[in-house]
Structure formats: C-alpha cells, structure tokens
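Quick setup: one chain, the form predicted on its own, written in structure tokens, and binding and motion questions come after.
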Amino acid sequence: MAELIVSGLVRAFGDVRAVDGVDFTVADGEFLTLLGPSGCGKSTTLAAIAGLDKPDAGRISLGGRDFFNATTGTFVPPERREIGLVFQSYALWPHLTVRQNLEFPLKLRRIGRAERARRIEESLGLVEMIPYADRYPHALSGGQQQRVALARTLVYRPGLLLLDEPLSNLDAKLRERARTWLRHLQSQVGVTTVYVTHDQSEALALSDRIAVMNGGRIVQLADPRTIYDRPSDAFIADFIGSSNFLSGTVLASDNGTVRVGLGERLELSAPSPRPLAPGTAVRVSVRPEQIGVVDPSAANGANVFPAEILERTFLGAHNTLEVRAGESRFRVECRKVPENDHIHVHIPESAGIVFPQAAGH
C-alpha cells in the first residue's frame, strides 16, 4: 500500500480543459472520493491515474514512483502500474467461472498454483462469494457480479484501488447494502482507494474525504461532514444534499455573522465564511431538515418568521412542506404536518451559510 500524489494535473481536449490544475494527495489506506456532476473531470482524472489516458501536464506518483511526469517525460503504461480498476460494467469473462476469472490475473503474473488457490480462496472469502466459485457470471445477480469484479481486482494485491461508479448498475436497495460492505471491505483490506461517483449519498457514506469537482477543478476537499455542513460555495451547497437558497441583502456584519434582509421586514442572522459589506446581494443556504416548525409563542425569537404552507408532500419517514415567508419560498422537513396553513418557522443561526449573489442569479 502507498500514498498517491496528484499535482498540477491538466488534460485538455481542444480548447476545453477537462482537468484544470488538479492537486490532491491520498494517504496510505485512505478512501478518497472524486464527486461531481457529469463533465466535471472526475472520470478523466481517474483515467489519468489508471494510465488509460495521458495528461498534458502535471505529475502522478504512487509510493514515490512516478506514473506520469510531464517535466521528465515519464509515462508508465497501465499494465505496469499494478493498480486495481473496477468499472461501472463489471467486465467479467463470460466463458470463465468465478474461480477462473480470479485466476486469470494471477496467471498473467506467473503466480504458482498453490499460491493462486490460496489467494483466490482469501479474496472470495472477503466478498462472501466462496459458494459461487464454480458458477459462470450469467448465473450471478448484479450485486454478486460486482463482488466478483472486486475480488478479481484485490486478488493480485494492487497498491491502489480505483473504482469508477461501480454501484450505478444496482437497484436502490442493493446499492445501499453494497455501500456498507464495500466500506467494510476497503477498511479490512486497507488499500488506498480513489472512488468516482456523481451520487452524493455514496460519497458521504463511503469516504474518508471527498474532493468535489466542478469545471475540471477541485472546489472543496474535506471530510464528508465538513462538505455537508460547511460547503465552501453555493455550488457545493446546492449539489450536496438539498438546500434552500434565500435571496437578500446584507444589513450589517459583525465577527463572522451577518444580518440579511429578506424583504417585508424579515431579517435573518447567519454565519458568513467571508467578510461582506452592507448592501451586498447574497444567497443564504439552509438545509430543509434544519428548519423547525415552532409554536407561535416563539414568534418574537431570533430568526423566527410567520410562514404559509403552500404544499405538503408525504415521503414516508418525513414530510416536506413548501412554505412562503414574505418574498421567500423554501422547503421544510418535519415528522408531523401542522394542521393549519399558517405557521411559524425557526432557522437556527448556525444553520444558514451566506454566499455572495453570483451574477445572473
């Protein structure tokens, strides 16, 4: 196992920079997720690490060994990188049994028969697939095929594991279970892992750290809780989870907290990650689950507003209310739906994050 370092990575296609100066380090045994919308550069970055695509600039090294270095002209082909790669499609050999699929990469590496048998048994045990060793891929479910693909990758003990949306072909229930055992498997094996997905739930559930990408760049790199609770910009707040955005104007600023006017004499206090002058147009990001429905007797408290329920949606474990307070419309999550349409809502000061209003919004 080893530390992965990616620095100054650039990959352009014509005038478009799909990857634009990407830098990150993955510690030995760490699980890092590259997360972002389609076209953000995450899969291009993974392909560069795997050696399936040659970057235009930068450096990629694993355990001190350069895989790619534009300065020295180094480019190690993928078959000599000794890394594991699992694609969205599991790419199992259909004419080989599960055991034979795992045996194939070991034969290529000239591993002896006894050692091959031992490693195959060990890898299938890790993914709980020993009873299926003599089945062919067509006789397995999607989840079972996924486990075999992972076992085949782990059987030759790669120094780095790359996963390109491996759960996307599974149904929702199976995907949720797969997250649990995949995280357990990775921590048990201790292999340095880079995972690519556009699914925020997967990223939050699996990762030690998340690198959120947009426009070919990493816009925030942090642990899952920080990414969710303290997004560094409005794009991340909107992309990760579900957020309301309340438009207003800064009325006053004091020690990292700003008071925002939302119209119709409504004011909201919230922390700001950057200093903002009075008069600045802003958007306040607030998660629906952080907004509470409160008793009218609390109407004089800070950040408490009268609101009107416009729509109620039942979602099983909770309900979503579409409400209007002054000129602002936003969503509130609650377990019990109020009987009356006119309510009071409370937005805790710590729940909101203030971002400058972007041009055109």
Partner chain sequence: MAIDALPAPAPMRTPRVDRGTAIQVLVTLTTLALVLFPILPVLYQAVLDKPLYDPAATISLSNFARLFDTPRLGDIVSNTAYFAILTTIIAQVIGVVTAVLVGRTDLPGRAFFGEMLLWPLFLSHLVIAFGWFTMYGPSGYVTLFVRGLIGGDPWNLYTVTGMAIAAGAAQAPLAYLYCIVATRNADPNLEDAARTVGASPLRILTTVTLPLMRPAILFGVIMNFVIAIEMLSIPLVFGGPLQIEVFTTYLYHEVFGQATPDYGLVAAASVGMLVLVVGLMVLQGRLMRNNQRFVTVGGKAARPRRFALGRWRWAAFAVLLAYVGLTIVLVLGGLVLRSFTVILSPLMPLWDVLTLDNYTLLGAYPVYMRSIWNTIIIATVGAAIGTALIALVAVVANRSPFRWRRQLEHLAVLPRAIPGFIAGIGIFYAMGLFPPLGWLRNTIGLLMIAYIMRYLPTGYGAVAPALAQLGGDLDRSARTVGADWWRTSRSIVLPLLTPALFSCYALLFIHFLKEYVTAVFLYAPGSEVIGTTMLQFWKNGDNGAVSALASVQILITVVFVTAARKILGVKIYG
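In this text the structure is predicted, and so the values were computed from the model without any measurement. Numbering follows the first chain given and starts at 1.
This protein has a second form, the form predicted in complex with its partner chain, left out of what is shown; the following refers to that one.
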{"query": "Listed residue that, although its partner chain is not shown, lies within 4.5 Å of it in the model of the complex (heavy atoms), from Thr71, Thr180, Gln188, Ser141", "finding": "Gln188"}
{"query": "Listed residue (Ala277, Ala114, Ala172, Leu108) with a non-hydrogen atom within 4.5 angstroms of its partner chain in the model of the complex", "finding": "Leu108"}
{"query": "Stretch from 172-180, 148-156, 234-242, 277-285 whose residues place a heavy atom within 4.5 Å of its partner chain in the model of the complex", "finding": "148-156"}
{"query": "In the model of the complex, Phe104 touching its partner chain (heavy atom, 4.5 Å)", "finding": "yes"}
{"query": "4.5 angstroms heavy atom contact with its partner chain in the model of the complex for Pro78", "finding": "yes"}
{"query": "is_contact(Leu52, its partner chain) in the model of the complex, heavy atom dist at most 4.5 Å", "finding": "yes"}
{"query": "Ile120 within 4.5 Å of its partner chain in the model of the complex, heavy atoms", "finding": "no"}
{"query": "Residues from 65-92 in contact with its partner chain (non-hydrogen atom within 4.5 Å) in the model of the complex", "finding": "Pro77, Pro78, Glu79, Arg80, Glu82, Ile83, Leu85, Phe87, Ser89, Ala91, Leu92"}
